[in-house]
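There is one chain below, alone, in structure tokens, taken in the form predicted on its own.
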């Protein structure tokens, strides 16, 4: 028996879907989250009001939200860059780890230089380390047709093991030889700190400003250059790209390296803006790379929209930290992020396809 409904691919997409899908996805996630809250005996309106209050309602809260949003912005950009070519990069987490390693190395090695030089080298080394780690996935995909989902995911675990090794299982350059009992990394000197930018009473992390600049550059690269045009052709029709003489293999490697570089830049921000040390356990607990996938999905792979989505999810995380207690549902923030991803993916399907009634034949009559 055939289903009366079927999915039919859209030949054209209405313009309102570009902004309607993210809003409807968010609304759907809030409704589903409200149902979960109501089922557990909580007042959804009261809980959401507390999240808004602690995440966005004051300048102090918004400053803390920008801190949480900064790594999400970088990993969201990293995922968006790869996804737009049809490459599913799940390795933003590991690429961010390598970025922290590279940035911490630069911060320690160039500590005798002026602050501007230290910060510049931290950015460069963070991008180089993250980009090189992602390029491994790109090379395996381009040369041997391996599945980038599996390789990028597995490299996350390799990066985590390597990060632990540098701090806990070796006498590496990154480990503080004076740390006894519980090993720690070498702390950066204050000249290597990325100072916040003050606008009124709002403190904006320097890394967040870098993320905004990176988003603008990525938008320009994908929408106003030949490189972006060729990436779009490869994503929509690999056969047409091959016929046009576009070197798809090199584009795969380049896009993966660019994606990893952005994630690595997030790792540099983690060291320079916030921790000021290579914190092996702290950065792994945070799960920034996986949240970046939610950012990219809700932003519909738009780098400029990714910044706003990162701020929204940063506010959720900030409110979750501030409201931890017996009266606040444990795991609510993670549940909402999961629901947002679910509804965003569902919304993306509806932008590509429309639901149409399946014609059936009954007694010789089409109905």
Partner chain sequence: MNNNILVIILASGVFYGTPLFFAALGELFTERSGVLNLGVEGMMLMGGVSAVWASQHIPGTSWFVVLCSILIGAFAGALVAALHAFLCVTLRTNQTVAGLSITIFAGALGLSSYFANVWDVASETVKHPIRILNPGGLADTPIVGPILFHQTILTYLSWVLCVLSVVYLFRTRTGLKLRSVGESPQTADAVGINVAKYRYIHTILGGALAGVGGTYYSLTIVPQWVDGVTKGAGWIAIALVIFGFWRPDLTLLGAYLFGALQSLGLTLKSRNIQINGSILDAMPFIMTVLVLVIVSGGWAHKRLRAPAALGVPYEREER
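Residue numbers count along the first chain shown, from 1. Note that this is a predicted model, so its numbers are computed, not measured.
There is also a form predicted together with its partner chain; it is not shown, and the following applies to it.
Colleague: Taking heavy atoms and a 4.5 Å cut-off, does residue 255 contact its partner chain in the model of the complex?
Modeller: Although its partner chain is absent here, residue 255 would stay clear of it in the model of the complex, with no heavy atoms inside 4.5 Å.
Colleague: Does its partner chain get within 4.5 angstroms of any non-hydrogen atom of residue 191 in the model of the complex?
Modeller: Because no heavy atom of residue 191 falls inside 4.5 Å of its partner chain in the model of the complex, the answer is no.
Colleague: Is residue 334 close enough to its partner chain in the model of the complex to count, meaning some heavy atom within 4.5 Å?
Modeller: Yes - in the model of the complex, heavy atoms of residue 334 and its partner chain come within 4.5 Å of each other.
Colleague: Taking heavy atoms and a 4.5 Å cut-off, does residue 15 contact its partner chain in the model of the complex?
Modeller: No, residue 15 stays farther than 4.5 Å from its partner chain in the model of the complex.
Colleague: Mind telling me which stretch in 88-96, 74-82, 224-232, 175-183 gets its heavy atoms within 4.5 Å of its partner chain in the model of the complex?
Modeller: Selected range: 88-96.
Colleague: Assess the spot marked by 24, 236 and 318: is its partner chain within 4.5 Å of a heavy atom from every one of these residues in the model of the complex?
Modeller: Checking in the model of the complex: none of 24, 236 and 318 is within 4.5 Å of its partner chain.
Colleague: Taking 4.5 Å between heavy atoms as the contact cutoff, choose which of 67, 341, 311, 51 touches its partner chain in the model of the complex.
Modeller: Only one option qualifies, and that one is 341.
Colleague: Can you tell me which bits of 147-164 touch its partner chain in the model of the complex, meaning any heavy atom within 4.5 Å?
Modeller: Residues within 4.5 Å: 147, 149, 150, 151, 153, 154, 157, 158, 161.
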